[in-house]
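Below you will find one chain, with nothing else, as structure tokens; this is the form predicted alone, and questions on how it binds or moves follow later.
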Amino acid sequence: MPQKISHIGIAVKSIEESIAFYQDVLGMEFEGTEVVEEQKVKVAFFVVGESRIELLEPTADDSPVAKFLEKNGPGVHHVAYEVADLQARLVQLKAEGVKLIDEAPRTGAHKTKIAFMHPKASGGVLTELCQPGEH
């Protein structure tokens, strides 16, 4: 079961151009940026309560975020929920017949284990499940 909303992912064309809004206008704490090679994105995190806003900028034209931006333009890309045991949750969801993009965890930002459910399984919302990594 989800423990909390980990973050909301927002696709942007340029993190550098977007930072000012979240940091200066909204006053959120900026945690910095990271490139996630496996996902072909550069990410930036902002703290809001015990959750985060994750800006996603594609680093390659064939990245899923680049395709999202091309189709939809900038905006909410996914909602991520933190779970205690991602592998066990994926096994359970698969057994229940839930359509998954990832049947095994992948590595995301901050060495977090991540997996995506197919938007068709969640009312059109791309849903990420994540388990915090070792710090």
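Everything quoted here is computed from the prediction, not taken from an experiment. Each residue number is its position in the shown sequence, starting from 1.
Here the subject shifts to the form predicted in complex with carboxymethyldethia coenzyme *A (CMX), a form of this protein not shown in this document.
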- Going by a heavy atom distance of 4.5 Å, is Pro105 a contact of carboxymethyldethia coenzyme *A (CMX) in the predicted complex? no
- Hey, in the predicted complex, does Ala44 get a heavy atom within 4.5 angstroms of carboxymethyldethia coenzyme *A (CMX)? no
- Query: Contact between His118 and carboxymethyldethia coenzyme *A (CMX) in the predicted complex at 4.5 Å, heavy atoms?
  - Reply: yes
- Hey, in the predicted complex, is Ile101 touching carboxymethyldethia coenzyme *A (CMX), heavy atoms inside 4.5 Å? yes
- Query: Even though carboxymethyldethia coenzyme *A (CMX) is not shown here, does it sit in the predicted complex so that Gln39, Ile114 and Leu126 each have a heavy atom within 4.5 Å?
  - Reply: yes
- Query: Considering only 50-70, what residues come within 4.5 Å of carboxymethyldethia coenzyme *A (CMX) in the predicted complex, judged by heavy atoms?
  - Reply: Glu54, Leu56, Pro64, Val65, Lys67, Phe68
